[in-house]
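Below, in structure tokens: the form predicted alone, a single chain.
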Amino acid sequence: MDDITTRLVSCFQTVFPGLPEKEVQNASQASVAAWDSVAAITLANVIEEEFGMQVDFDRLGELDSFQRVQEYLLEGTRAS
């Protein structure tokens, strides 16, 4: 796992502690019952702290899976 993925897995485990590590990278709002609007905001805040960046809350609805959040982070690292 690369550094971004490892750190993102940690963020997801902070917000969804009952989610087994092997399932984190396949997580989505559809597959994780606890992933509601409050969890989405909490996840964004944890990611902001971990990665030292601002999450665009206008795009929060698009960030509905581990994969999409990871892509978002990769976009941000390429832009900076």
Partner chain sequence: MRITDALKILQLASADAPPYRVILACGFTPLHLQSFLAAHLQQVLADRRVTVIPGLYDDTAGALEGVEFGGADAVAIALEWSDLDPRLGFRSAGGWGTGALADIVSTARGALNRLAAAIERIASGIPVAVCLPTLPLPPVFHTPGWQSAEAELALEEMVIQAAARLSRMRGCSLVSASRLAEDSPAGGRFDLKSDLLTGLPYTVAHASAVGAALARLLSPPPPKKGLITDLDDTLWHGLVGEIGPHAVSWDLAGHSQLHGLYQKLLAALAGEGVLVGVASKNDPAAVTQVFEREDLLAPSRGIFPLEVHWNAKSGSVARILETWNIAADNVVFVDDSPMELAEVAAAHPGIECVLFPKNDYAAGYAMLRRLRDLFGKPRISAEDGLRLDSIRKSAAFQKAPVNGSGGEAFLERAEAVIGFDFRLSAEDPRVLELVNKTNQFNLNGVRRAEAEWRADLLRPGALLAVVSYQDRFGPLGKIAVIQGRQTGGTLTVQTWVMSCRAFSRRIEHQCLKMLFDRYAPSEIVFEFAATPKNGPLQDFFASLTGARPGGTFSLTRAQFEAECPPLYHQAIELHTSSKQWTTSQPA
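None of the values given here were measured: they were computed from a predicted structure. Numbering follows the first chain given and starts at 1.
Omitted from view is the form predicted in complex with the partner chain, to which the following refers.
Participant: Looking in the predicted complex, any heavy atom of Thr14 within 4.5 Å of the partner chain?
Facilitator: Result yes; Thr14 sits at the interface with the partner chain in the predicted complex.
Participant: Using heavy atoms and a 4.5 Å limit, would one call Ile41 a contact residue for the partner chain in the predicted complex?
Facilitator: Ile41: contacts the partner chain in the predicted complex.
Participant: Does Asn26 make contact with the partner chain in the predicted complex, using a 4.5 Å heavy atom cut-off?
Facilitator: No, Asn26 is distant from the partner.
Participant: Taking the partner chain as it sits in the predicted complex, is Asn45 near enough to touch it, meaning that at least one heavy atom pair lies within 4.5 angstroms?
Facilitator: Residue-level check for Asn45: yes, a contact with the partner chain.
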